[in-house]
Every structure is written in C-alpha cells, then in structure tokens.
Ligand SMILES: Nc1ncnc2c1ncn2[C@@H]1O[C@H](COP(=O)(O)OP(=O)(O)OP(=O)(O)O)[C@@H](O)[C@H]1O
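Encoded as structure tokens, the following chain is the form predicted alone, with no partner shown.
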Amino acid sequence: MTTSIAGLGTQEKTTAGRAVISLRGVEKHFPIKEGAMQRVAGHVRAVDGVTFDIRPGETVGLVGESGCGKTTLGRCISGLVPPSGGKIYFRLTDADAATLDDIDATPDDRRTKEQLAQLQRIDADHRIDQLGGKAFRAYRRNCQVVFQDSFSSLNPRQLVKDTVGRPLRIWKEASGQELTERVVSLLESVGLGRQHLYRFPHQFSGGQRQRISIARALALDPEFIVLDEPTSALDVSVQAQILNLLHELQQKRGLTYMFISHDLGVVRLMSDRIAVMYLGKVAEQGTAIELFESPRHPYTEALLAANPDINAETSEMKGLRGAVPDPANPPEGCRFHTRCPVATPICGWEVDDAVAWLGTHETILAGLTGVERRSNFDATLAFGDAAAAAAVGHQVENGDIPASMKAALESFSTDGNKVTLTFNPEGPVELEDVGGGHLTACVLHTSRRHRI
C-alpha cells in the first residue's frame, strides 16, 4: 500500500543562484583495527566519492540498501562526523561553484597562484570543515537533523519544554516566559500544544515523538534539514501525517531537505531529485520523474522491482540477488557488476570475482591453497594437486561461469597445480550525464557503451 500525500514532489523550486549544500568527492572511511596493538589493517569505505548539489527550497532524496552509506553521508553533511576526504560547502554561489570546478579539473602541479588564492578564499568562506568557531556555529544553527529513532534521539529525563527549548537557550534566543511561549508556538506548528509541555518522551506515541523532534529541529529557524528515515518506524497512516507536516513546513518556511530513506514510495512522493547510492557511491541521479519512469542503472531498476508498490505490473527486472560486497574491498569497475543481471565484459571483472565464482563449487574451492596477486586483475591460484587445477580449467571452458566474466578474461592457463587468470583491467565507472541532468554510472549508457 502506497501512502497518498497530495502535492508532494510536484511543486516548482527556485534555485536562487546558489546551492545550500555542495558536495565534491566526499569520502568517509572507517579504520579496521586488528590485534592487541589495534593496528589499522584496512578501511571500510562507507562513503567513497559523492558529488552533488542541494538547491534552496528543494528536497533531494537519498535511497539505497542498508549499509550503502546514506546515514553516514547525512552525518558528514550535518557536521556530526568529519569526512575523510572531499569537500562539503555551505551556501556556495554559482560563480564560486564554477570557479571551484575549474580548479578541481586542473592538476595540482599546474594550478596558478591566482587559482590557489581563489581556492583558499572559497574554502575559508564556505567549506564546513574549515569554518571558524562562530562561522561553524552558524552553520550548525542552519543545518539540523531529524533522526530515525525518535525515542533514542530525545533525552528520556527531559520534559518536552526543555527538549524543544534547549536550542533557544543555548543560542540565548529566549528565556523565562518568552521561552515557554516560543516552545508552545513550535509545538503548535507540528500539531501538538501547550498540554504537552510537561510530559516526558515515554508518554508519547512514536508519531508524537517524531513531531517533537521536528519541533526541536525548527527551533532556530534553520535553512536546511537532514531527514534520516524520519518515518521508517511509524505506521502507514502516521507516516502520511508526518510527511504532510514536513511538506507544509517546507512551504511555509522555505526549508531545504535531504530526505534519506529506503522506502521508494515515500521518496517518490517527497523528492524533487533523487540520488541512488550503492556501496558508498552514487549509481544514478536525476529528477524523481526520470528515475521512476526511465531508470538508467540496473541497480535502480532492481530496487524498483523489489518494491511491490511501484511499477509492479510493468517491471521486467528481477529483484536483487546475492549479498552486498565487502565495503572494505569494493569491486573494481562498476561496483554493482557482481550482482547485476545484465553485466557486460567491460564492467570490471577481477580475480576476486573468479574466486567467488569458484566458491559456488565447494569441491574445487576446498583445494585452493593460495593466491599470488600481481594486481586485482592478474593472479595465480595454487591448488593442492594438478587434478584440482584441471577441474578449474574444465569449469572455465565448459562450466557455468558467467558469460560476461568469461569474455573479460584476457588469458587463462594451467600449469601443474597452478591456474593463472588475467582479466582486462577496467577503471571505476563514473557518473555521466545521459541527458537533461540525468546522471548514471552504468556502462550500458555512458561513453564506454561503444566497447560492448
């Protein structure tokens, strides 16, 4: 059942010559520590190079499977966790954005003194991790968050009056009776009232607690709000109420939203533009109408097919198969190719894919004793005896190896108990414009398609 919310996602938005939030190659990597000395053995690449802008007054939806990096990206934008790389800008003008893009397109060793001076100015004025004390506080005031779990995000020992009024006290916006009246006004704006001032969070339903969280986020009249799955824990009827409330507040206050969700039906109703994330990267980006009516990435199509409420009659794609790869060691080329039903030989097949395929033949994988890597695309597999190596050769020649993986093999040979595999090396598949600002990172639609 799809929630019905009149008018959402259809209104025209103004761009006002600037972006509220601009992301340029944002990364967030978490260290993997092992042993008694807790040495860093690798990194989980939760967010791995995300670039897009959020314009004033619009809602940008962020969708994907659990673990794809949606919430981590939201926390980076809101300043709750620092990014490992890339840049996040606040109120970047179009002129500065164009200058920044020109500078980023210039190799570091060829940048002029003028470009370096411009970059330093732009970073000092707009880059959130380089803003000074007062400037960063101003950013935090204008960027608020509504979290998924409304119960854990509210202090169970604080009254509603103290929870909603805390931002006003910290910023010395009001005190005494004026503070109380401001809190009452905020509560009334979200459908609550004066009678709720002196209650604790456990005395409210889930929908009411989420209204309190929204009231707190609105206390300082912010410009931008990150909505991290604000309705995922609520009943469908309550979801509709909260989404309608968010829409009304956006219209009245001119708010800008980033709406994070795994519910495609809700995202379609709420969003003007949508970014689809997979394994830390944006796989596709475009308007809500474009993504739902003309998806250009197999992952987007699979998500739509997996949702029984959307395109149930017309979708021909099967649901997602297999598990999400390890984010500490993401696939080469297109990150979705290991699960893609229409993968091609140029999608980035590598040695790990061959080992994973051998894993479907337990008797063969049991004989694998070691892997000597020269690169991700070139390695020698050692087996316990020559018979096991010969069995691998037989499977490659006559077995159920995916046709696109077999076509990507540049060379394959056996020598005693060893098997040497070499795949055609492929670089990452980047987002490309396929028309009208619709971006995709699929080789079927980008400039690589002529090689298929």
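Remember, it's a predicted structure, so these values are computed and weren't measured experimentally. Residue numbers run from 1 along the displayed sequence.
Although not depicted, the form predicted in complex with the ligand is the subject of the following passage.
Contact residue in the predicted complex, chosen from 388, 405, 396, 44 - any heavy atom within 4.5 Å of the ligand: Exactly one listed residue reaches within 4.5 Å, namely 44.
The unique member of 72, 239, 256, 271 whose heavy atoms fall within 4.5 Å of the ligand in the predicted complex: Contact check passes for 72.
is_contact(residue 412, the ligand) in the predicted complex, heavy atom dist at most 4.5 Å: Contact with the ligand, no.
Interface membership of residue 207, the ligand in the predicted complex, 4.5 Å heavy atom rule: Judged by the heavy-atom cut-off of 4.5 Å, residue 207 is well away from the ligand in the predicted complex.
Residue 384: touches the ligand in the predicted complex, heavy atom cutoff 4.5 angstroms: Judged by the heavy-atom cut-off of 4.5 Å, residue 384 is well away from the ligand in the predicted complex.
In the predicted complex, residue 30 touching the ligand (heavy atom, 4.5 Å): Result yes; residue 30 sits at the interface with the ligand in the predicted complex.
Heavy atom contact within 4.5 Å of the ligand in the predicted complex, the stretch among 415-423, 59-67, 388-396, 34-42: Of the stretches listed, the one contacting the partner is 59-67.
Within 215-243, the residues that have a heavy atom no more than 4.5 Å from the ligand in the predicted complex: Going through 215-243 in order - heavy atoms within 4.5 Å of the ligand in the predicted complex - there is one hit, 229.
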